[in-house]
Structure formats: structure tokens, C-alpha cells
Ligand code: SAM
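Shown below, as C-alpha cells, is a lone chain in the form predicted on its own; questions about how it binds or moves come after it.
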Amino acid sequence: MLHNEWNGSGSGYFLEYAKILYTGQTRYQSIALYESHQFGKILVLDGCIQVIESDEYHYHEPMVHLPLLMHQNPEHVCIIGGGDGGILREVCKYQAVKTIDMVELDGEVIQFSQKYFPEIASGSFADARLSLTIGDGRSYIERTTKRYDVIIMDMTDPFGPSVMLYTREFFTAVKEKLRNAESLFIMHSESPKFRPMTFSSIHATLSTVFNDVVPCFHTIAMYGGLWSFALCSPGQNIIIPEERVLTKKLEALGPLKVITPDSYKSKFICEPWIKSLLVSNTKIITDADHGFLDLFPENAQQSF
């Protein structure tokens, strides 16, 4: 059996699986679990692959360690989304972190992941530093009085439940919840190869809010190839830590599968063709746009 998925408006990829372990519907989205001989278990939400058992670290490690290794003392962290627990697992590796506030819209995804993917969270939901809220991430950010050193947003693609997490108004609210000029915000920003207009528009929108927005890159097979992250600072230019600093911090974390001092620095390499995308499309996404599908049909990622 094959799971087929669009990368963009004119290309896609397939993944073979041996059997369907579960299909159902949460309050917010469809949910399915496949078993693959090559990749292990595969979590699919609304027809789009979210987590592959064998490859999940290719997404979770960069998302967490790019900002947390850069911040000098990340004591207070907020995670928006991330119901499978992979982001939380990586954050929990930092002894300097004192509090972790996690906000997940779909509590059924957490329950499902804990049942079928317990190895991804690796017990991190029991960490005493965690405060878990089941609710809308945007509402939480707009209402909370807390301030954070690092905010990590691990959401689905810009349609469906996550559509209003990609707007200038929301990014402004995020900036207001960062503690100081050294704080950092990170989110995924789609594929510059397969969804170039969406990628560039996300970065253009972030740049109207944050002082510095730096694109970062990693190849993630479970999302079809080259993927990107946006690392944002409210008050200072982002500077990659020196190798000796990275080495010392990484030694304290224990072995990782993706991040080393060299690979960390490589995530910030922005090739000329990608730089041209960042200046060619300056469409700013606002609440009035109500999402990306009408703006950028390339984002209509569905199974086929």
C-alpha cells in the first residue's frame, strides 16, 4: 500500500507501508497510523505525514537545539504544539531550563502518541518542569502574562487548525512574550524548493515584527526533502556561537543524531537561489488573509 503526498502544486512523493494500524478522527483533524517495514510507524494528520518513527529526530533536533544552544541561559521555554513529544524530549535535555510551558490544541494527539509512539517523548511528559495546557496556542500567547527566553512553535502546515499561527498579528503577540532582546523564537517555514512563495512570505512577515530573522535548513525525508526553519530575535542580530562554546554545551547534552558543532553551523548556510526568494516575494500575511490556500495554491498539500 502507498501513501502519496503532494510536495507542492506540481510534485509529490510516495511512501510504502505494510498495514494500517489505526484511522480515526479527533475533534480537530483526521488521524491515522501506518506501519512501514522501512521506516517503522508513521503518524498522519489530515492526510499529511507528521512523524516517522525512524526519522523524527531530523525535525526535532534542529528545531530545539538551534535556539537553545544559541541562548546563553535558556531558563524559561514555551512550546506551541508538538503533541508527539519530540520537541519536549529535546528541551528536557537542558539542565539550565527551569520551566517548560507546552500548549497543544489537540489533546488526543498527545494521548495517541503516548500510546503508539512512547519512545518519541521518552518519558518527558513526566518531567517536573513541564506545565501542559490543552488549548489554542494563539489564545494562550495572547492571554498569558509569562515571558520566555525561547519560544518554539511546532505546528502543522498553514491550513486547517494552524492557519492563524502564521500571521503578523500573531507574531507580534509572540514577540511581546519574549523576556528580553536575547530571547529567541523559532518555527518551521516550509520548503524553499517545493513551496517557495510560502517560504518567502513567512520570512517577509516575520521580518516586519522581529529585528533579525535568519533562515536555517535541513533535509527532512519525511517532509519530502529540503526543509527550513526561521530563527528570530526581537532585539539583536543573531550570531552563531563559537565552536568551543558549542562543543561544551553539546557535551553536556549527550550524544545527538543530527547536531554537532560543524553541522550546527551548516544549518545557517543560505544558498544564492534561496536568498533571491527572500527578496522576490514580500507578501505579508495578516489575519485578514485567513490563511495561505487562497494566496498560495502550492500549499494545498494533500494525499493523492
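Note that residue numbering begins at 1 and tracks the sequence as displayed. Remember, it's a predicted structure, so these values are computed and weren't measured experimentally.
Form predicted together with this ligand: not shown, discussed below.
- Residue-level contacts in the predicted bound form: of Leu105, Cys216, Val174, Ile152, one residue has a heavy atom within 4.5 Å of this ligand, and it is Leu105.
- Of the residues given (Thr156, Ser124, Thr167, Ser191), Thr156 alone sits with a heavy atom within 4.5 Å of this ligand in the predicted bound form.
- By the criterion of a heavy atom within 4.5 Å, Tyr59 is counted among the residues contacting this ligand in the predicted bound form.
- For the chain shown alone, Glu90 is not a contact residue for this ligand in the predicted bound form, no non-hydrogen atom being within 4.5 angstroms.
- Looking at Tyr223, you'd find a heavy atom of it within 4.5 angstroms of this ligand in the predicted bound form.
- In the predicted bound form, at least one heavy atom of Gly81 sits within 4.5 Å of a heavy atom of this ligand.
- Heavy atoms within 4.5 Å of this ligand in the predicted bound form are found in one stretch of 142 to 150, 178 to 186, 202 to 210, 128 to 136, which is 128 to 136.
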